[in-house]
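Shown here is one chain on its own, the form predicted alone, set out as structure tokens.
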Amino acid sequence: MMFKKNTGSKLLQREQRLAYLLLLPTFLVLIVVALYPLGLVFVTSFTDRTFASPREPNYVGFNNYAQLLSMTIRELPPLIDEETGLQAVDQKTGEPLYERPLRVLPREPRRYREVSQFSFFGKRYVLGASDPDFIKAVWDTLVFTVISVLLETILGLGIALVVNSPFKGRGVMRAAMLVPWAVITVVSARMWQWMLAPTRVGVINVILQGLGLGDGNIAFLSQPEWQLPALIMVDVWKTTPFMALLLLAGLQLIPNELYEAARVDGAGSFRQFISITMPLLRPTMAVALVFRTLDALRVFDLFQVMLAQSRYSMASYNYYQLIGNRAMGQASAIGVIIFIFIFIFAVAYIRLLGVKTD
């Protein structure tokens, strides 16, 4: 009996060694294709390497990250009127005036520039950063990601539930819903850029004017308050079918017997959705959210085509640093920061949705 047990144990070990040997080529390919470039980006982010330059790079430590992420908050002292000795007031708006942020923000060890201003407990503060364009790009990318992914998930789930139910023309509906996603992002961005034009060319302005919701001259891509909503709308139009497709695949994996048993027990549609559909759809939803969030955090096409250099995402700012400034070290640091954001979101989705791995 002991002999058979030892023989079985040795056979199992041999099978494990064989499995590792068979997987070895795959691991080598992953190291060459994925891990080596990623490691090279990490290493380059600690240097001052210049793109397409023969100059030898120098090790600068965390200087690239400090330049990108350094921020400070300073109180703005009130601007005093020399005649009255009181705080000066804007003659047009009646709002109190403060010193210019340029005089308040520090210039050593690195120069800080204004990102935004805010009031707190009756005092005025300025948020400064050594690279305000990148801080704004991070904020815009996060806002774009959260809102667009949320809307796409809700709309995608609704479309998936409708398409998953039996009705005439379901096959045609499934094919038609993929058309926006099939359009190349650059093409759809250019198409929407024309549609959002602040003239009679822009069909969106024409429609809004017809509904009495505007004067037909709304500059969606020029006015800062309209830029992000316009980009989110375009992204939701294009990517909602992708979310619907992934969620539809998850819905089709749920056995119909569970719904039949629930109906026998008297559970209504809403109760079935809460007790059966959502719990069993969580793994698929987690995968869909990770894929979609990964795309949204590294969004480049929409910002680059529709806004050019007037407003950045993290990825388009990365492109600007690499191609425009040839700052390969700083561009690599931006790439690492994007990777960290993606990793945080992926872990958060898995934790919050209760996805278990065996």
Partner chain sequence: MNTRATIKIFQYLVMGVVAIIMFFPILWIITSSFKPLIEFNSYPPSLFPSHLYFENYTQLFLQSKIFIYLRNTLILIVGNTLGTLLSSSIVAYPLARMEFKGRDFIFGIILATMMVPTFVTIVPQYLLFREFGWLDTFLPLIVPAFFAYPYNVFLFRQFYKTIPKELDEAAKIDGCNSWQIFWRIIVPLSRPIFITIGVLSSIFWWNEFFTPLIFIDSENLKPLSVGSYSFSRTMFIIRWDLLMAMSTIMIIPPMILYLFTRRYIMEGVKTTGIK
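Numbering follows the first chain given and starts at 1. Nothing here was measured: the structure is a model prediction, and the numbers come from that model.
What follows is about the form predicted in complex with its partner chain, which we do not show.
No residue in the set R103, D131 and N217 has a non-hydrogen atom no more than 4.5 Å from its partner chain in the predicted complex. V187 is the sole member of V264, V187, L211, L86 with a non-hydrogen atom within 4.5 Å of its partner chain in the predicted complex.
A heavy atom within 4.5 Å of its partner chain in the predicted complex is found for one listed residue only; from V115, V138, L245, I232, this is L245.
Contact annotation: its partner chain lies within 4.5 Å of heavy atoms from the stretch 198-206 in the predicted complex, the single such stretch among 271-279, 198-206, 86-94, 116-124.
Under a 4.5 angstroms non-hydrogen atom cutoff, its partner chain in the predicted complex has T26 among its neighbouring residues.
For the chain shown alone, V183 is a contact residue for its partner chain in the predicted complex, at least one non-hydrogen atom being within 4.5 angstroms. Contact annotation: R111 falls outside 4.5 Å of its partner chain in the predicted complex, judged by heavy atom distances.
L157 falls outside the set of residues with a heavy atom inside 4.5 Å of its partner chain in the predicted complex. Applying a 4.5 Å heavy atom cutoff to its partner chain in the predicted complex picks out P283, T284, V287, F291, L294 from 282-296, in order along the sequence.
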